[in-house]
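What follows is one chain in structure tokens, specifically the form predicted alone.
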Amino acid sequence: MPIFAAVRYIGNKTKLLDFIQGRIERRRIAGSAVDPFSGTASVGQRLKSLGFRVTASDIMTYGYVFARAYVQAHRLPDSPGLAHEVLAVDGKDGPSVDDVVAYLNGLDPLPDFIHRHYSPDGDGGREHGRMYFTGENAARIDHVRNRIEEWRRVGHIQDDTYYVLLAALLEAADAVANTTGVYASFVKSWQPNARRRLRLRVPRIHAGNGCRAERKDALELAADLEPFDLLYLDPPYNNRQYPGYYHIPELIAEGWFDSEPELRGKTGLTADQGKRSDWSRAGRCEDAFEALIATAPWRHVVMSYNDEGIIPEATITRVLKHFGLRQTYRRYSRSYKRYRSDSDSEDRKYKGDRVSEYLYCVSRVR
């Protein structure tokens, strides 16, 4: 079984993959699948491993990177264009991804944008007291990101290799980020994980079946689709907008090579036009949900949501029964330990340490 993306992420379904898979198999769903809120691509990758032809999409660039690496890429190609730079093993067409990752892990720190703005050793980071990364790890992130971009621009690596390496960097950076899991704030003392050295790991890619990645809004994606078997939905549960909670992974994914983005505030936020989602807005999410269910040409829907979601359960039930066969509607539940990105405070109080995850299912065919 493949290794799934390990980024700390709100709503990540890694711990629920077996639960989701079990319900899909019991309902005998197979064929093509669409995941328009793919996030770290953990579900898309599992569906791919089960033989689904998956279309995975997200409005965030880092989400597209994960989908491109873990869903669309079907193998880890060698890189002949790097033979002059990365030591290759005799008998191969070029350095393997293993060789390239080992080379990147051996690069010395070379400060650039992330070091300058998101570590206390850089001018911008020092001015605002930002402690997202140690100076050394920030400079390693900079060097690795710049080298991956350079290789792509001169044609030394294929697109699959580019996105696989970039996904590996995003995961490695998150593992040493001095946060509690989201980037809306940083911890004001160094955590043990933040002191560890940045180290990329080699992703394991499952052979695909015509899978692809997109970077589109869910409704925009749905409007372009031919009929497909499974619509897997995992929309945001609350009012927190992902561009503000994951602005640094987004920066690493997009890069700073043609023009450096303007940063604002203590945490160094970036512009988020086109990335704020109606699904994270109470009062708009219900209309967005109904529009997507009405527009997408699905045969089956499986929707992950939890008991704290901002779309009322009555709305979910009404919409799914209206657009599917009422007798096929089911709601399954599973209790699990919640992911906490922060501690209880005056502004944010968790209802408990456990949350109930629901899978809402309906079909248009028996």
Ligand SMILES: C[S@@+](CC[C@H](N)C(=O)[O-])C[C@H]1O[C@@H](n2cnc3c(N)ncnc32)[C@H](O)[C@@H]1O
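We number the residues from 1 along the sequence you see. All of these numbers come straight from a predicted model, not from anything done at the bench.
The next section is about a form of this same protein that is not shown, the form predicted in complex with this ligand.
Heavy atom contact within 4.5 Å of this ligand in the model of the complex, the stretch among 235-243, 97-105, 174-182, 255-263: Residues of 235-243 come within 4.5 Å of the partner.
Hey, in the model of the complex, is D217 touching this ligand, heavy atoms inside 4.5 Å? The answer is yes: D217 has a heavy atom within 4.5 Å of this ligand.
Give a yes/no on whether I59 approaches this ligand to within 4.5 Å in the model of the complex, heavy atoms considered. Residue-level check for I59: yes, a contact with this ligand.
Since only the chain is shown here, I'm wondering whether V65 would be in contact with this ligand in the model of the complex (any heavy atom pair within 4.5 Å). Result no; V65 lies far from this ligand in the model of the complex.
Can you tell me whether S277 touches this ligand? I mean in the model of the complex, with a 4.5 angstroms heavy atom cut-off. S277: yes, in contact with this ligand in the model of the complex.
Partner contacts in the model of the complex for 9-32 (non-hydrogen atom within 4.5 angstroms of this ligand): Stretch hits, in order: Y9, I10, G11, N12, K13.
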